[in-house]
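Okay, so here's just one chain, in structure tokens, the form predicted on its own.
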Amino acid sequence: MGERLLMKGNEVIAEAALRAGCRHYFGYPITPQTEVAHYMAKKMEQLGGTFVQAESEVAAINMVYGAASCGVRAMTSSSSPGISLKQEGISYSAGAELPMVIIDIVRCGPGLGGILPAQCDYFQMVKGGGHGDYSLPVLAPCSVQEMYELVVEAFNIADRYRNPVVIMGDGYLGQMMEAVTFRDEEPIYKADKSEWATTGSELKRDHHTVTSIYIEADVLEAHNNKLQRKYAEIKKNETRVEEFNCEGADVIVTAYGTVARIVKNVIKDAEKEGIKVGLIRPITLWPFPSESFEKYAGKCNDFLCVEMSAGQMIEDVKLAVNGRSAVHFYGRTGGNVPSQPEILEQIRRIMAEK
């Protein structure tokens, strides 16, 4: 491993993207992710890359569409309401099969909401906030170190499958500072983009066309079927999850991002009271790690889903458990974060009902 630095999460996102070979960034400032753009503005000039502060989020995502069409590694970043504005362009990018990375550092809503951390973009990112039958791999880091590693991996996944990939973190992860150990060399996936990228033909080959519009029903259906086959491959190969202390657990808690960090401390507190608590932490929110839940459903009678939302991931947990165990929920909204005592109290209540 290489150097070890103390850095803010948002700055690590930008540094990771640069190390992954991203030289084209287009964005618009919005709290709590603006440091991503600040860092890119400074470093892109030094590296000879492209940094554009667009006039709007709508413009930014379409600039990424254009850059990605040329086969280069490109990225944008925003926070919840800004991501909402990008959704049409995200759908277009998925339809045109363009590799890119989209960063969403989530703030609380709905509407403008506030700048405090939340996880209320789960539906928007995981279920496809734009129109049409498309899916985006969504990676959810729980530490600044993991932010670095997953951003690099996001670019690799994007190139491997020609698909937009999302990094979704909450405002705490974007703003916190932690020590990060960087690799001396990044594991870069080398994609052959000569078959589709619009790099200019000089009449030596057929023109490449990047588009998401197919007027004839049968042609569009064939394209959609192709996309669905690709998504099946992503589900097969790219699902990521952490299972912790789940064998023989009285209660299995599921959480991601910052909340999962809190749950690991709750597990220690519960152990002191003679309660064994496990954790299933989805690292990919899509593809959702359903098999991990299926493995323990029926063996563990109670699952507790904890989120910084009114309850969004719980729908996927219920689908995965499929009625074989009870699924409970605890959430905080408005920028409030579930605390250790609150989560432990929920576990005590579940145990009291047994």
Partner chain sequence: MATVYQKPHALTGKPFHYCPGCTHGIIHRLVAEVLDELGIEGTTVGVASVGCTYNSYEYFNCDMVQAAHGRAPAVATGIRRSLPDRQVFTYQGDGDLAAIGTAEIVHAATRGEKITTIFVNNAIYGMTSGQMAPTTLVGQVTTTTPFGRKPELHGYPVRVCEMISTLEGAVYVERVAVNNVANVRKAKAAIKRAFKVQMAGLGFSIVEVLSICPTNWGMNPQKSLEWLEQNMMEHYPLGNFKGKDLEV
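Numbering follows the first chain given and starts at 1. Just so you know, these numbers come straight off a predicted model, no measurement behind them.
The same protein also exists as the form predicted together with the partner chain; that form is not shown, yet it is the one meant from here on.
Contact annotation: of the candidates F288, Y39, Y65, Y296, the single residue with a non-hydrogen atom within 4.5 angstroms of the partner chain in the predicted bound form is Y65. Residue-level contacts in the predicted bound form: of V180, V210, L279, A94, one residue has a heavy atom within 4.5 Å of the partner chain, and it is V210.
Shown alone, this chain has one stretch from 213 to 221, 185 to 193, 143 to 151, 115 to 123 that lies within 4.5 Å of the partner chain in the predicted bound form by heavy atoms: 213 to 221.
Within this chain, D269 is remote from the site of the partner chain in the predicted bound form, having no heavy atom within 4.5 Å. Contact annotation: E88 falls within 4.5 Å of the partner chain in the predicted bound form, judged by heavy atom distances. Although the partner is absent here, V52 is a contact residue: one of its heavy atoms lies within 4.5 angstroms of the partner chain in the predicted bound form. Heavy atoms of K236 never reach within 4.5 Å of the partner chain in the predicted bound form, leaving it off the interface. Three-residue candidate spot N245, G274 and R348; no residue lies within 4.5 angstroms of the partner chain in the predicted bound form by any non-hydrogen atom. Residues from 250 to 285 do not approach the partner chain in the predicted bound form: none has a non-hydrogen atom within 4.5 Å of it.
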